[in-house]
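A lone chain, given as structure tokens: the form predicted on its own.
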Amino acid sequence: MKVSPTGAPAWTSSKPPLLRFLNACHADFLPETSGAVADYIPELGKADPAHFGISLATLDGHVYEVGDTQVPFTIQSMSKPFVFALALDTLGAARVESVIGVEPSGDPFNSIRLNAENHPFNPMVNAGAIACSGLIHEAKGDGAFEYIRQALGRFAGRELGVDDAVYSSESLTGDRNRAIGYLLRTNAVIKDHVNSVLEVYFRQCAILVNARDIAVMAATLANRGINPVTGEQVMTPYAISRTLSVMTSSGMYDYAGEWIYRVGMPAKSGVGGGILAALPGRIGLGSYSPKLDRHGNSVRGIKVCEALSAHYDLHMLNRSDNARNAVIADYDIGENPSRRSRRPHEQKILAAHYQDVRVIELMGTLSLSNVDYVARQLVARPRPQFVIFDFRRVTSMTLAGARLLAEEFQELAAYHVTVIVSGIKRADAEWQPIAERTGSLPNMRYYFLLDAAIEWAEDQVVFRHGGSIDFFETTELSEQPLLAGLTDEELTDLASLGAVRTYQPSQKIITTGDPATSLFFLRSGVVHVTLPDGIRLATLTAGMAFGEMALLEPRRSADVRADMSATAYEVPLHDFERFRKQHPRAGERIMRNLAQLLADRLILANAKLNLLTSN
């Protein structure tokens, strides 16, 4: 197996499509040099303008990282939504809403202006954020900042520190915020000493994070307040939903309207160079690049968010999926083979190479997060030669899910993995976005029935490892598993009781409900055992018996139809019963063999059931 430089198998070190897209964004926007590092706070001006990191966190706790995602920087205004949520949970909505509005201001973030009620326009501008810090100080006194720091740490899933140099620099140059503070104090929005409140505010802005942290914090917002990495319920869903609402309208200041129009995700930026975006029910995004545009937003960060939203159609108002986990079963053919009865040499090959065929049964709505989860599950195990995706239980696909799935198919093809699709017709409208992007993929195959897809993949494994499947090969009674252990004399006597019958393609041999009067031993060709509604129970090839349940049941319980030209020994049941009396040892052996065959079928049925109930 090819090995990567890290020592891991090359397959397991391959990049899922979503990570490859983030890498492409990083490469595309790294040359962007417009904007300027914030310098009105001297310490912020020391940031390296070359730093650029992108991180994306999914709601099942997986975090993608590209570039400088571990470089620490101060959270600045990105602290505002989290402190607002904390104030709602700490003091209650009535108290918070009595002094802070929720309307966009249309002004820059540091505007010294209040609304008609002499309250801050919203908690995302400095006036509203200082008011939030004042409310926390009102409730917690000298412990207010530590209370905030710990809360932000729960959002990030780790302990967060403080950049004391940035705090000092902000405090020394924070006269505009002091002016806002005194305006709030004059209008009774904050009740404590202005300097005490501003010390909390300056310190919370100086909390250190990195791009990974803010992606996880954003994902916690997107996950109704549950940190997807730690599993902790950080804030109540009520506080989170209200916070996301204000982020949607005001999180990007006087760029908010343009942002929601073009990107369509609740977001918040900070003059330290960070941007976080939280798409409810899907993902959290964090980026870091210190150069800012005239609105105070990271130039590269804006481009990343625009690209991600446009490529995967993530606008919040164009959402149609609800399902988080679309995988109902994920297995290989060792756990759940096809319904074809295999001869010993085929069984031996398939037992040795069972991991060559991977089957993923999907259900519900296929969204970006669902398909991403499937892609990551694929690379978590050894690379197969064939992957079967079953869509019979899929109800819909979002455009983002379809596009990411097509990219995953292309990724598999690049590794010479054959993609097999079952349960969907290529003419179906929802399949067209995938078909358009995968029409040129080599060897991609379609089967309406999952079992037919598994059977074909098994055949390919047998062929690749030196086996052969000759549907026209003629077998003898001695090769029948039901007759294993019989002597040559016993087999000769049994053969004398039967007549060789020939069947044409699609000819029905047995009909459900008819009297069971014969046993059949297939000599050549293929037959299908089906229920009356067409559901296939088994595929039998030369060397297999059918109609054997006549030994236990007086009437037929399934249909049997020739798949192609076939021949079989037909032994009348009354003659077979006479044979058992003449050869009691053989009769006992046959019934033992039948019991073993039925037990094997029960084990397989239980395995199929376990696959469905354990996923």
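Numbering starts at 1 and follows the sequence shown. Please read all numbers here as calculations on a predicted model, not as lab measurements.
There is another form of this protein, the form predicted in complex with a small molecule, and it is not shown here; the text below is about that form.
Chemist: Y331, W259, F109, Y312: which sits within 4.5 Å of the small molecule in the predicted complex by any heavy atom?
Modeler: None of the others qualify; the residue that does is F109.
Chemist: Name the residue from T398, T539, T248, N177 that puts a heavy atom within 4.5 Å of the small molecule in the predicted complex.
Modeler: Of the listed residues, the single hit is N177.
Chemist: Counting only non-hydrogen atoms and a 4.5 Å threshold, tell me whether Y40, Q76 and Y201 all contact the small molecule in the predicted complex.
Modeler: All three within 4.5 Å in the predicted complex.
Chemist: Determine which one of 232 to 240, 169 to 177, 151 to 159, 302 to 310 lies within 4.5 Å of the small molecule in the predicted complex, judging by heavy atom distances; exactly one does.
Modeler: The contacting stretch is 169 to 177.
Chemist: Is C205 a contact residue for the small molecule in the predicted complex, using a 4.5 Å heavy atom cut-off?
Modeler: Close contact exists here: in the predicted complex, C205 approaches the small molecule to within 4.5 Å, heavy atoms only.
Chemist: Taking heavy atoms and a 4.5 Å cut-off, does S518 contact the small molecule in the predicted complex?
Modeler: Outside the cut-off, so no.
Chemist: Taking the small molecule as it sits in the predicted complex, is G134 near enough to touch it, meaning that at least one heavy atom pair lies within 4.5 angstroms?
Modeler: No, G134 stays farther than 4.5 Å from the small molecule in the predicted complex.
Chemist: Just checking whether G270 would be counted as a contact of the small molecule in the predicted complex - the rule being heavy atoms within 4.5 angstroms.
Modeler: So G270 counts as contacting the small molecule.
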